[in-house]
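Let's start with one chain on its own, the form predicted alone, as structure tokens.
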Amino acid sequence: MSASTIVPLRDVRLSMTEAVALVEPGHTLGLGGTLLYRRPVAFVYELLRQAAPPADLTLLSFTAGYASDLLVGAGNISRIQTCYFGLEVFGLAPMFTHRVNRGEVQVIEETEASLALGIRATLSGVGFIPSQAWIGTDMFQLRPDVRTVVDPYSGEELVAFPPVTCDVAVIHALVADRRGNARLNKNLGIDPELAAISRQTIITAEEVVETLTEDVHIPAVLVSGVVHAPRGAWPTSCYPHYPIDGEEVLRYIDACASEQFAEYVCQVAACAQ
């Protein structure tokens, strides 16, 4: 092969502004990380800085926390699909609690099992995955869309969990390369699976290098764009780079309790620029 026919390596680096432009009204937005660890906070700040942030979003997150609460409080989220929403040791997520109690946000009740099986259904390209999960529980009263089926071999009644899908997933990584390969450290959550089921996956990364070949948790083939975002998970943690900023989380809770959510968002979004 001559030098003139060599295809250059794909470069998917984006600015944060270009990345948030991929989220459109009505999309299902998946946020990676877990609890108060490795959340794509800088992406959320940038989304909220837009003159007209996308509305009517469905938020998909294995466990939802600080970054998700900002979007709920700003009114961007119409539906939430998660098995946990809170601030861990810091207590309830204030804006989620406020808006759900007022009936302003629909909660699509999930468990760890239903999310895992729904993701598996999507990855398998099938309409549902059968399981014994939820049998004998009241979950069907909260999720009337989830049905049961009869096992054709044993005659046993099973739950048919529907696919879980995502339009745009945003995952914060310790390091990524310009092609999209990303390393997450050992606390993966469901981020590799989230990247696999999403139509588009954005990686925000503490560091962007030329080539990443070892300890790759999300391969480039699944990634649409990479954004360099140092401290992009703050005030959540990104071990081993920085811990949770507990004082900032408490400041957020106090701002919400004082009905100063909008002022808080304006301040942190401006400081993050």
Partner chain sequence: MSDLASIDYTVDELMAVCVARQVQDGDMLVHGLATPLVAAGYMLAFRTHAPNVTFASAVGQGVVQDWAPLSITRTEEYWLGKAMANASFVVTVADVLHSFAPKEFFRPAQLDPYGNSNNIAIGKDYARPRLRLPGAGGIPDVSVFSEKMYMYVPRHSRAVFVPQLDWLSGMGHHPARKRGSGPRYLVSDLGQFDWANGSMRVVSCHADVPLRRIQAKTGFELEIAPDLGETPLPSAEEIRLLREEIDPLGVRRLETLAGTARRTLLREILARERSL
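Positions refer to the first chain, counted from 1. All of these numbers come straight from a predicted model, not from anything done at the bench.
The protein also exists as the form predicted together with the partner chain; that form is not presented, and the subsequent description refers to it.
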| item | value |
| --- | --- |
| The partner chain in the predicted bound form: contacting segment from 199 to 207, 67 to 75, 163 to 171, 81 to 89, heavy atom within 4.5 Å | 81 to 89 |
| Contact test in the predicted bound form: V150 vs the partner chain, heavy atoms, 4.5 Å | no |
| 4.5 Å heavy atom contact, S124 and the partner chain in the predicted bound form | no |
| Non-hydrogen atom contact V175 with the partner chain in the predicted bound form at 4.5 angstroms | no |
| Heavy atom of F62 within 4.5 Å of the partner chain in the predicted bound form | yes |
| Complete contact of E157, G189 and S237 with the partner chain in the predicted bound form (any heavy atom, 4.5 Å) | yes |
| Residues of 234 to 259 having any heavy atom within 4.5 Å of the partner chain in the predicted bound form, listed in sequence order | S237, Y239, P243, I244, G246, E247, L250, R251, I253, D254, A257 |
